[in-house]
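Next up: just one chain, as structure tokens, the form predicted on its own.
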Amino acid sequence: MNARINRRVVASAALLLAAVTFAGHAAAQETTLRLVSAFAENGIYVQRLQPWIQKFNAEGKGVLQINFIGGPKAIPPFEAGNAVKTGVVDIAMSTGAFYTNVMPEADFLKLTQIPVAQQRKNGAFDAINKVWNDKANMQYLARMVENQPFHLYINKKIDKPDLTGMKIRITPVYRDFFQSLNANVITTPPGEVYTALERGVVDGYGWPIGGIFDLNWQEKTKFRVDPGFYDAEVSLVMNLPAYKKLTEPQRAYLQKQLLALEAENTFWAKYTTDEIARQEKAGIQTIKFDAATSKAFHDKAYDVGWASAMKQSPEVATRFKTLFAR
């Protein structure tokens, strides 16, 4: 009898030890990634990302978690890319225009004219990652914003694409294009644009079709110039060593969630339509040129954009141009 009881005790203890060991092993396998946003926390981009992070963490228990650190108050927008490169954070939601200080090629992503799903199929995504790996110590994870053309917003009416005498707030995205239209360009973080408009420091700015209400810029904006140009790129980039440290199951889980995030990009087409109506209701008037002038305006944006890319990094620009074109 005692021997039978002892065997049961030993068996139970063994099972308990196995369970504890398994639980400990599972906990050890869970990794938490620190994510920062280069955009304000009350903005549309972070609002779109938050439900994804919640789903990511709910489904990734024991495998992979994301700790959202915050927006520009945590790390300034133009420092987010360098924070990823150096491993201060693991992931940043940013646009390439905000980390050209890390690599000028980051700005080339605005020139894509095909959906990210097609970029993954035609080799563009792999080509991007080769450059990001080699030049920025980053892994380009996913593009979460598409179909968001940039526009010129101004407070002085124009009847042709000529910005002579006007001071326009820019990022690297449209610096060369606006300069080609004779604008005097000024670089400021997004958080300073409202005051710059209010004080007349700038006469206008470049920005995507969406997002100006997040920053209350509609209060100081009179006109939007059509057509739009380029495509706003907001993506997730990751520190390359941190990416390589992930186990195969973790990397597979991350990839699954990234593809799910990109699958939600259909949201942006309707968002564009809604934002146009919202801007009109807020009193922002549309400046439209005739058909020939509009085409020339749009074409010039790409001509200038690719010329600038070729000047900065001819080999990469040549490779990207064939893969990005519609």
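All of these numbers come straight from a predicted model, not from anything done at the bench. Numbers for residues come from their place in the sequence shown, where the first is 1.
The same protein also exists as the form predicted in complex with benzoyl-formic acid (173); that form is not shown, yet it is the one meant from here on.
The stretch in contact with benzoyl-formic acid (173) in the predicted complex, judged by heavy atoms within 4.5 Å, is 227 to 235, chosen from 245 to 253, 131 to 139, 156 to 164, 227 to 235. benzoyl-formic acid (173) is not shown here, but in the predicted complex it comes within 4.5 Å of a heavy atom of residue 206.
Under a 4.5 angstroms non-hydrogen atom cutoff, benzoyl-formic acid (173) in the predicted complex lacks residue 93 among its neighbouring residues.
Contact check for residue 98: a non-hydrogen atom falls within 4.5 Å of benzoyl-formic acid (173) in the predicted complex. Within this chain, residue 71 is remote from the site of benzoyl-formic acid (173) in the predicted complex, having no heavy atom within 4.5 Å. Checking 144, 212, 83, 173 against benzoyl-formic acid (173) in the predicted complex, a heavy atom within 4.5 Å turns up for just one residue: 173. Taken together, 223, 289 and 297 are entirely out of contact with benzoyl-formic acid (173) in the predicted complex: none brings a heavy atom within 4.5 Å.
In the predicted complex, the residues of 33 to 56 lying within 4.5 Å of benzoyl-formic acid (173) by at least one heavy atom are, in order, 39, 45.
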